[in-house]
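First comes one chain, alone, set out as structure tokens in the form predicted on its own.
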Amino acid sequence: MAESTEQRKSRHLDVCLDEDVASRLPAGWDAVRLRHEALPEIALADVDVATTFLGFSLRAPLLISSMTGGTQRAAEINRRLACAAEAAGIAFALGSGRAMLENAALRSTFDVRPVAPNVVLFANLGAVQLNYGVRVEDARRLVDVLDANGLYLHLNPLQEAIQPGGDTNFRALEPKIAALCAALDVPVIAKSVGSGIAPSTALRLIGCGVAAIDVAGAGGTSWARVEGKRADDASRERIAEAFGDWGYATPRATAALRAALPRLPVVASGGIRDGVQVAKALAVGADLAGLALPFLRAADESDAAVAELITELVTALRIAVFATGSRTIADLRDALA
């Protein structure tokens, strides 16, 4: 019997929480150095890390990256993440809504507006699903039902190729992405899935009407390795492991996008694990920094653990800004050592 989308999403959670699925390519944050200012001439209290992204106000440049939904156990995880994001004034992206489109009964695993009425919220779909029956009307319905502020459109050819029975027809997607962007009343953000996005690809996506890019580079969770572990097939797992260091490391991918497209809204995600790395991501060109696995682990524990993680990230970010002699996150662009 074919595995259902709900079963696959539940297995993804198990693999991410219990197995070693980290990219074998180092994220590269150690190579990014920030200036230390021994005489900053400001007080820590002067530091302001508030920002705007796609017109939305945030109290810190943080995004809880897309993780889960579509399985009943995801409902509590998403509730905890959404509540904490709302309280902290940061953004939150849901996992792929494909399961909800297939089964309306799974809406509750995604629907966080009742507990987070003001959070900046992004729904999520796989771009390739536009070649497998998902219509523009479906995407609009997903955004409307979840009352989302935008739509993440993820690009995951490597994951789909390794996934048993994956959806691998990526032909002629650009016109469909363009039609989707034109039809929606909310911004569309294109993201990779742990491999990065090259500037040339970003240019094509911008041409389709995409409003922002999340590089989602290598260095964090390897979805090739996740699918290999999930396959329960030794040969398939060996193939997946061969791609364990595939892709562009997040700092490199972020810096390349910023250099090529100076005004493009950019999210850096992939292997970011603490507030200093958030500061480094901003310094190399990101507007927001996204984290997934640390938040998944915290949400699997408790509401308090998620809130504590956000506090730690923001506190370390503010100290990093202060220690470079900067007042705002925009100033970090001039703080590379």
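From 1 onward, residues are counted along the sequence shown. These figures come from a predicted structure and were not determined experimentally.
There is another form of this protein, the form predicted in complex with a small molecule, and it is not shown here; the text below is about that form.
For the chain shown alone, P26 is not a contact residue for the small molecule in the predicted bound form, no non-hydrogen atom being within 4.5 angstroms.
Interface membership of T109, defined by any non-hydrogen atom within 4.5 Å of the small molecule in the predicted bound form, is ruled out. The closest heavy atom approach of I42 to the small molecule in the predicted bound form falls outside 4.5 Å.
For R59, no non-hydrogen atom is located within 4.5 Å of the small molecule in the predicted bound form, even though that partner is not displayed. Checked against the small molecule in the predicted bound form, the residues L309, V49, A292, V32 give one hit for a heavy atom within 4.5 Å, which is A292. Of the residues L146, L205, L101, V193, just one reaches the small molecule in the predicted bound form with a heavy atom at 4.5 Å or closer; this is V193. Per the 4.5 Å heavy atom criterion, the small molecule in the predicted bound form is contacted by stretch 284-292, the sole one of 32-40, 284-292, 49-57, 300-308.
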